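Below you'll find only one chain, the form predicted alone, shown as structure tokens.
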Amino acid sequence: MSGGKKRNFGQAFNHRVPVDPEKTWKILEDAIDEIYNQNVSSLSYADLHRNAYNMVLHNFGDKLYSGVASSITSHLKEIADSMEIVQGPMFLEKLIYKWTEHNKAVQLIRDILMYMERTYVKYTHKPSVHELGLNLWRDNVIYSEKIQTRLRDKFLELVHRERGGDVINRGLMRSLTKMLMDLCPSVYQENFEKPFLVESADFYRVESQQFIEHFDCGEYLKKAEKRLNEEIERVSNYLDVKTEAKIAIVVEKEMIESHVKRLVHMENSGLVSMIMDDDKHEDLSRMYTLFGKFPNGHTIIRDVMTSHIRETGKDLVTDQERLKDPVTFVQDLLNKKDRLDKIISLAFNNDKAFQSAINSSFKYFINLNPRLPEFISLFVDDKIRNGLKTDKEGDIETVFDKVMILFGYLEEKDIFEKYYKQHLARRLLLGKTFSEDADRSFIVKLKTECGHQFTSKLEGMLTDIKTSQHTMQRFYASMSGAQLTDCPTLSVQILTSGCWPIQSSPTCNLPLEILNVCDKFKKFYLGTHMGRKLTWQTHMGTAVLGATFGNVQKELIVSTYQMCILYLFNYVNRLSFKEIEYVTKIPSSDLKRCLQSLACVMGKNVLRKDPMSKDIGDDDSFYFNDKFTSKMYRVKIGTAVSEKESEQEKQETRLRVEEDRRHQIDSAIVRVMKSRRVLDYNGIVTEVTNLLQSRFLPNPIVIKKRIESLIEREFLERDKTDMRFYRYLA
């Protein structure tokens, strides 16, 4: 039974209904006409599908396919002709309407020809009905002479109107883009995108020229950014996504890249003006972002900024007027660095290349002035002396961190060490440190930056002060009550000579009362510390004196030298400069400064001088001012001494530094040669520089001289076979 059913099915399937191709095609052609005429209610899709099926089955697929193409083409030409009479804004809307109806018609035709799609089209590799409909619309409508130019012009016209501020039908524009992209991306590119990019370049070329003539740099960049964002928004609303990168390049080229030099150097509003104005971070950020969109954009900003920083920095460090106040000068440097760091953070996205440019610029101009190490040390000295008056405890650490950045730029860190040691010594001996923790904190930062060797003596100075306090407690504990009666209170700081920057100075003649208690302390100290030697540094001490002016009691805070001078007036009424110098043995230059403070400073003049003048002469005479008055019970009388060194002192400091450097270079050469045994001159210079650059940059000429010195002292010798090399002698 099953076999019989199989035979009957086979006979039915193989049965071919006779087909008249002309008549059958006429039925299908009429159906296509009805579909395009939107009169489909009377059509029988089952019959139409059967007719198409039979034509393919009877090998009339070619006739069917070509007939469909011809029929669709005929209708599309009619559509193209009808579009010619459509004028104004209705043109694009009518075109999209016809496109939509065409797609519907093709879909219906495709349903009728489904069998042809699965068989004939598949095996002949012809375009599907859908593809055929797209291609025919492209060739007969879009590429029609009557439509192609109008379509492009209308499309561009709407874009131009939108750029001018008009509101356009974005939905229509989106439909047009989709139509072109559905036909083929190349159709969109050739018929719209390329003309769009060319027209956009022309538009922005003209507009940018108008803008740059009428607006400053900041306003111009705002308008450029706005235009760029508008184009990106336009793409997202109704253009192909791939157009975004292309139109962005056009806007960036015409509005930014073409005017980059003029924008950067624009007078009163360019990059330099923005950097100098604290309120231009937004404009700088905009410039950074926009310039970063083309090659070398950031490099141009960086080069101009670097040039400006170096130029203004050079002016700053060579401005003699500003150099008169070292503390304010260094604060100006820190403010300049803070302002630039803020720009990097807020405007330049913490760009490391820009930060590196700032660092190299500061390193360049800071080392143009050889006094910067001294000035930075004076700044730290001022902050540690007056920190609580001007900075909160937490803020002083921030100041130290900023100072360490400046310190890192110094090439001659060893000179800073010399000055810092002097200033630290003065603070510790005069008790001018507002917080011992502040001193220790800064030394820790120096140690982190330069190593233990750099700060070992500084740490030793702090240790000496602590040790001295304990020593004085033991000294007074060892004395009986009778020994302390009518004895001046003595406070001695025992300083390790190798740690402190102590210059040999003749000891002045101390008053007898002071000398007696000093001798007692010396006996106590040497009795408990065998093999040590004490040398009094009277030029570094201070004293508190009780004084009577008429019937008024005062306390005077003075230096040891000033104390010795004032003691003389307990016994005589008037003394000449020469007499004071002879009795006290105070060096002439120091004596003049002390007398100037005692006699010439208004409100502190406990002495009078003849003749009255600001300067001290060898023939001047002095007498006690019993009419001296002050609102303060305790009057502090300073010494007329400059914060900065005199020329002679600068020369002495430089000579000491050069001497230390020679020893350090010798040590470095020996260390290198002991390790390498044999090395040429260039190799020695390279390795010695690497060893010493954390303290200073050694001069190759000096290294050469030190090599010769080491040869003379038989630490090194020239290689006998190759004179370019040096050999270490064990």
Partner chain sequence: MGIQKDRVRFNVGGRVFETTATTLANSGRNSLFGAMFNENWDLQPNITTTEHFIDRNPDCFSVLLDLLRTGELYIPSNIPEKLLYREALFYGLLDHVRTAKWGPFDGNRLHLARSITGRAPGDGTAIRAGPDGGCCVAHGSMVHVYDWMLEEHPPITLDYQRVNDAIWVDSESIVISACERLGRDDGGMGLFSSSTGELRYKFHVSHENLVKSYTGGALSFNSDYKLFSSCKGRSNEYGVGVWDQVTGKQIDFFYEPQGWSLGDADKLQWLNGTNCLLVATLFPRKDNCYISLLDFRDKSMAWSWSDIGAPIADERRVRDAIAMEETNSICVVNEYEDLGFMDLRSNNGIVRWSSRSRLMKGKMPDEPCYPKLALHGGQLFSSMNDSVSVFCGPDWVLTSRLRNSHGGSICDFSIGGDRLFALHSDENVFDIWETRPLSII
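Numbering follows the first chain given and starts at 1. Keep in mind the model is a prediction, meaning the values are calculated, not measured. What we label the rigid core is the largest C-alpha set whose atoms superpose within 1.5 Å from one form to the other.
Quick note: we don't show the form predicted together with the partner chain, though the next part is all about it.
Taking the partner from elsewhere, M114 is found to have a heavy atom lying within 4.5 Å of the partner chain in the predicted complex.
Although the partner is absent here, V678 lies well away from the partner chain in the predicted complex, with no heavy atom inside 4.5 Å. Mapping the unseen interface onto this chain, V657 falls outside it, with no heavy atom inside 4.5 Å of the partner chain in the predicted complex.
The partner chain is not drawn, but in the predicted complex it has a heavy atom within 4.5 Å of L108. Comment: 36 to 44 is the region of 660 to 668, 66 to 74, 682 to 690, 36 to 44 lying near the partner chain in the predicted complex, near meaning a non-hydrogen atom within 4.5 Å.
Listed residues K222, R339, R118, K520 were compared with the partner chain in the predicted complex; R118 is the one with a heavy atom within 4.5 Å. Contact with the partner chain in the predicted complex, judged by any heavy atom within 4.5 Å, is made by just one of K631, H214, H452, H125: H125. Comparing the forms between the shown form and the other one on their rigid core, the Cα displacement of I232 stays under 2 Å. Taking the rigid core as fixed, one finds a CA shift for I35 of 2 Å or more between the shown form and the other one. Superposition of the core reveals a Cα shift of 2 Å or more for L113 between the shown form and the other one.
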